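Just so you know, structure 1 and structure 2 below are the same protein chain in two forms, each on its own as C-alpha cells.
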Structure 1
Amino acid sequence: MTEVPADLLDCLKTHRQEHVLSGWERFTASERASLVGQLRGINFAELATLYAKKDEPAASLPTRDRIAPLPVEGESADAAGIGEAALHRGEVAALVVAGGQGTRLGFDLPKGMFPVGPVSQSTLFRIHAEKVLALSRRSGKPVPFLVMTSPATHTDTVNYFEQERRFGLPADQVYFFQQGTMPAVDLVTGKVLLESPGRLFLSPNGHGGTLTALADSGLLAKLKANGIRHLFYFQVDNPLVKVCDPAFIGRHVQTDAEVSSKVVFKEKPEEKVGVLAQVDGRCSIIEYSDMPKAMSEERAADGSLAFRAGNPAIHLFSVPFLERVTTGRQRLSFHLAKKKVPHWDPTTGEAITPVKENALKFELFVFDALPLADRWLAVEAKREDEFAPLKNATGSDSLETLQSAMTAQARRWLRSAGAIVADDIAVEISPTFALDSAELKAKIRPGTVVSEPTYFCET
C-alpha cells in the first residue's frame, strides 16, 4: 500500500484526525496496512459525539423516591429439575468474559491463565472448563462454552486452550469470540492517541462489549439456530461460580425472566460493590461510587441493609432479550472515563508518560442491559459458596482470599460427606470429580480421614 485510501483520508480530514498518519512515508507496507486496518475499525463520527459529551455531568442518581430495594429470592432447590430439563434439552450455553487486562492483578498473561487451585494449581480457565465438562456429562447434552477475549488476551487464550486440549472439551463445544476495542482520545483536543508511530492506542470496549460482539460476530444467531434459549454469563476471575446453576436456570425459566441475576448480600455499608436496586420500577445497578452514604446505611425493618443486593456479575440472559438489546435503538451506550494514558506524541516525536489524567476512554457495561428487561429476577447467592473474585495482587480479593474460600468450600463438602479433615489441611475438589456437595457425598466413604493436602480428581 503506497497511498492512504482516499475515503479514509477524507474521513480523517473531516474529523481532524490526520495526525494519525504522521510518519506514513517511513512505514513499511505491512505497517501501513495494519494502521489502515485499525482506522477502518473506528467510527469517527460516533467518537466525535462521545467526545462532545466530556463536560456533561455524569448522569446523576435519580431522587430517592424513584429508588427502591430490589426483591431478592432465596435459592430454590425445587426449581433445579426445571433447569436440569432445560440443560438436557440443550437450551443453555455458558459464556465467560475474559477480555479484561487485569491491571490491578499485574499478571502478564490473561487472568484466566492464573494458577489458583490451592493444591492442584489449576488455572481459572481449567476450573471453568471442567465445570462445563462435568455439567455436560451430567445433563447428557454438550453445553456450548463461549469464551470472550479481546485483542489483549485472544492469542494467548486460544493457544492455551489448544495446548491443554480444551481441558477435555471437544473442539466444537468451545467458541472463542473477541470483543471490540475503542481508541482513547486526548482530553483537551479530542484527537485519537497513538501507542507508537503508526499504531493507535486501543483498549477493550468494556464487558458490555460482550453483547454487541456476540451479535456482531454472528454467534448469537448461530446459538439460536442451534436451539439455545438462555445464556449464562460470568466473569473469568471467580472460581466459585456455579456455572449454569440448574436451580437458577429453573427459576429463570419458571418466571419467564428476560434477565436473571445472582446477588451476594453486602455485609457492610462501605463495601465497594455495585448494588442492584429498582429505579423507576426497573432492575438497575447503582455503582458504589454513585451510592450516597446515607442510602448505603439505610436499614430495612429487620435491621439488614436496605440496599444490600451486591452484584457478583452472574447473569442469565434470554436469547430474544439479547437480540433486542444488540440491535437498533436499545444498544448500550458508552461510559466516559478520564484516565492516564501513556502515548506517543506525533508533534514532538516523544513518548509521553502523563502524571495526571490526559485522556478519555470509552467503555460499555454489561449491567446497563438490566433496566432494558421487562421481566427480571434476582436470586441470592451465598458469598462463601459462589463468589471469591481475583482482582488484586494482595489484600482483599487476592489469591490468598480466593484460595482460602476454595479450601473452605472443599472442606465443608468433605465434612458433609462424613470425611474427617482438619482446618490446616489444604483440600481441593476438581469439578469433574464432584460438581457439588451432593455428588461428593456419593463418592466419599463416611469416616474417610484426609490427613495431607489432597486434590480430589478423576483418576
Structure 2
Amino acid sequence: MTEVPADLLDCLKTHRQEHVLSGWERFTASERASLVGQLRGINFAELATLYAKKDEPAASLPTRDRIAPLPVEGESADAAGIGEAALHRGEVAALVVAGGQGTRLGFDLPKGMFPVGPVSQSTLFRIHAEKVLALSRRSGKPVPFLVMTSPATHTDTVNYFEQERRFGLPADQVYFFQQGTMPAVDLVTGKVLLESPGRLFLSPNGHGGTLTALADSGLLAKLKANGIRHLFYFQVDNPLVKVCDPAFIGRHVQTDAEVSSKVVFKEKPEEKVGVLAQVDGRCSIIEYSDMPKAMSEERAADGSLAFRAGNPAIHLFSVPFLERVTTGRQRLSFHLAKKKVPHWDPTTGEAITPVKENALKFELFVFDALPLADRWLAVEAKREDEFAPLKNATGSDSLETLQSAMTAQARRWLRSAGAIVADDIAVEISPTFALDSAELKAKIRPGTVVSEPTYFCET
C-alpha cells in the first residue's frame, strides 16, 4: 500500500482529521495497513456528533420522588428444575467479560490469567472454564462459553486457552470476541489523538461494548441460530459466581423476564458498589458516586438499608432483548468523560503529557440496558456464596479476601458433607469435582478428616 485509499482520504478531509496521516511517507507497508485498519474502524460522523455534545451537562440523578428501592426476590429452589431443563435443551450460554489486565495487581497479563486458587493456584480463567465444563456434563448439552477480550488482552487470552487445551472444553464450545474501541479526541478541537506516529489513541469502549461487540461480531446471530435463548453475563474477577445458576435461570424463565440481575445486599452505606433501584418504575443502577449520602443511609422499616441492592454484575439477558438493544433506535448511547490523555503531537513531533483534562473519551455502560427492559427480575445472591471479586492488590477485594472466601465456602461444603476440617486448614474444590455442596456430599465419606491443605479435584 503506497497511497491512502481515496474514500478514506475523502472521509478524513470531510471531518478535518487529515492530521492522523502525518508521517505517512515514512511508514512501512505494514504500518500503513495497520493505520488504515484503525481508521476504517471509526465512524467519524458518529464521532463528530458525540463531540458536539461535549458542553452538554452530564445526566443528573432524578429527583428523590422518582426513585424507589428495588423489589428483590429470595432464592427459589423450586425454580431450579426449570433452569436445569433449559440447560438440558441447550438454551443457555455463558459470557465472561475479560477485557482487563491485572495492572492494579502488579500483573501485566490479562486478569483472567491471575492465579487465585488458595491451594491449586488455579487461574480465574481455569475456574470459570471448569464450571462451564462441569455444567455441560451435568446438563448433557454443551454450554457455549463466550470470552470477551480487548485488544490489550486478546492474543494472550487466546494463546493461554490453547496452551491449556481450553481446560477440557472442545474448540467449538469456546468463542472469543473483542470489545470495541473508541478514539480519544482533543477537548478543544475534536481532533483524534495519536498515541504515536501512525497509531491512534484507542481505548476500550466500556463494559456496555460487550453487548454491541457481541452483535457486531455476528456471535449473537449465531447463538440465536443455534437455539440459545438466554445469555448469562458475569465478570472474570469473581471466582465464586454460580455460572448459569439453574435456580436463577428458572426464575428468569418463569417470569418471562427480559433481564434478570443478581444483587448482593450492601453491608454498610459507604460501600463502593452500584445499587439497583427503580427509577420511574424501571430497573436501573445508581452508581455509588452519584448516590447522595442521605439516600445511601436511608433505612427501611426493619432497620435495613433502604437502597441496599448492590450490583455484582451478574445478569441474565434474553436473546431477543439483546437484539433490541444492540440495533436500531434502542442501541446503547455513549457517555462522555473528560480525561487526561498523553499523546503525540503531529504538529511539533513531541510527546505531550497533559497536566489537566485535555481529551474526551467515550464509553458504553451495560447497566444502561436495564431500564430498556419491559420485564425484569432481581434475585438475592448471598455474598459468602457468590461474590468475592479481585480488584485490589491489598485490603478489601484483594487476593487475600478472595482466597479467604473460597476457602470458607469449601469448608462449609465439606462440613455439610460430614467431613472434619479445622479453621486453619486451606481447602479448595475444583468445579469438575463438585459444582455445589450437594454434589460434594455424594463424593465425600462422612467423618473424613482433612488435616492438611487439600485440593479436591478429578484424578
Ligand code: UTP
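Rigid core here is just the name for the largest C-alpha set that superposes within 1.5 Å across the two forms. Bear in mind that the values here come from a model prediction, so they are computed numbers and not experimental data. Residues are numbered by position in structure 1's sequence, first residue being 1.
Q: Name the structure that is the form predicted on its own; the other one isn't.
A: Comparing the pair, one sees that structure 2 is the form predicted on its own and the remaining one is not.
Q: Establish whether a shift of 2 Å or more occurs at the C-alpha of Pro371 between structure 1 and structure 2, with the two forms superposed on the rigid core.
A: For Pro371, whose C-alpha is compared between structure 1 and structure 2 after core superposition, the shift is less than 2 Å.
Q: Once the core is aligned, please say if the CA of Ala52 is shifted by at least 2 angstroms between structure 1 and structure 2.
A: It does, since the Ala52 C-alpha is displaced 2 Å or more between structure 1 and structure 2 after the core fit.
Q: Compare the position of the CA of Gln101 between structure 1 and structure 2 after a rigid core fit and state whether the shift reaches 2 Å.
A: Yes, the C-alpha moves 2 Å or more.
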